[in-house]
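Next up is one chain by itself, shown in structure tokens, the form predicted alone.
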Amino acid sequence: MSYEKPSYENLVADLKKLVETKNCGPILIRLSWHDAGVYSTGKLTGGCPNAAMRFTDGGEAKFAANAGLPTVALGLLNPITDKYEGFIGHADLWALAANVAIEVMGGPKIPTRFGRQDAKSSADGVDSFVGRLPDGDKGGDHLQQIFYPKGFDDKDIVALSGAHTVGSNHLDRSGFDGPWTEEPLKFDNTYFVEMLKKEYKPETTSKGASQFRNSDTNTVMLASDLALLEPPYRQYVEKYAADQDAFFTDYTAAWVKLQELGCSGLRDTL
């Protein structure tokens, strides 16, 4: 039996095929974001992209904010994880998968660096997501409280929020319900365009979560989204709605920074 030696090119091709056949790009982006985004230097410290979620006995895998990730996202990735075991680490794979997904869905080509240190057990994760990951039902001050300790500014907050141009809220995971945009598998600047153009009315989901819906298209926005229409964020919403290239440039810079939070000594190649 012949054995094909793993290669970076084949890995990327397998990830592209996964995204294209399973339409799973949004959840792969969320997986990388929640793995890295627990980092903080404020009242809370520590946290980094270390794939601690793969340990389901406790820790980050049990966080309410990560609902669906250890089961759905990792279930989708498992065949690739197994195929490339020893070739790429878990946290590096999650970062690369998200970046491949962004490009496949029409977004920018984002560089990935490698060398993240994988958690050895659930105990290597952080204790709680509270104060580390944003809550969708809170406003602009809350976004600053979450993102400033990670080293991000207001422009970064808006740019990173632009990832909501893809994906949908799931009642069984977050309590929110519905897609942000009319084409939730297309990575572009539509999130900002629609936010400025549409009217959204408040509603409460069957899970008791407060959100806002456009009745014409059945798309939704959360309080943390609509907070971007106020200063100091609105200037960037208007900029990105008018200039997709500007959004892609700023998103790439902020996203790479996010994926590398708490890491050192990363390299350009596997």
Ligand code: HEM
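Owing to the predicted nature of the structure, the values given are computational and were not obtained by experimental measurement. The first residue of the shown sequence is 1; numbering continues from there.
As for the form predicted in complex with the ligand, it is not shown, yet the points below apply to it.
K.L.:
Given that the partner is absent here, does S161 sit within 4.5 Å of the ligand in the predicted bound form, heavy atoms only?
P.N.:
Yes.
K.L.:
Would you check, heavy atoms only and a 4.5 Å threshold, whether G47 touches the ligand in the predicted bound form?
P.N.:
Flag for G47 set to no.
K.L.:
Would P108 count as a contact of the ligand in the predicted bound form, using a 4.5 angstroms cut-off between non-hydrogen atoms?
P.N.:
Output for P108 is no: heavy atoms all beyond 4.5 Å of the ligand.
K.L.:
Check H170 for me: does it contact the ligand in the predicted bound form (non-hydrogen atoms, 4.5 angstroms)?
P.N.:
H170: yes, in contact with the ligand in the predicted bound form.
K.L.:
State yes only if every one of Y39, F114 and F129 has a non-hydrogen atom within 4.5 Å of the ligand in the predicted bound form; otherwise state no.
P.N.:
No, none of Y39, F114 and F129 comes within 4.5 Å of the ligand in the predicted bound form.
K.L.:
In the predicted bound form, which of the stretches 140-148, 92-100, 193-201, 114-122 has residues with heavy atoms within 4.5 Å of the ligand?
P.N.:
Looking at the partner contacts, the answer comes out as 140-148.
K.L.:
Looking at Q244, T205, N214, S224, which has any heavy atom no more than 4.5 Å from the ligand in the predicted bound form?
P.N.:
Of the candidates Q244, T205, N214, S224, S224 is the one lying within 4.5 Å of the ligand in the predicted bound form.
K.L.:
Select from the listed residues V237, V220, A52, I27 the one whose heavy atoms reach within 4.5 Å of the ligand in the predicted bound form.
P.N.:
For this set of options, the contacting one is I27.
K.L.:
Listed by sequence position, which residues of 42-63 have a non-hydrogen atom within 4.5 angstroms of the ligand in the predicted bound form?
P.N.:
None of them.
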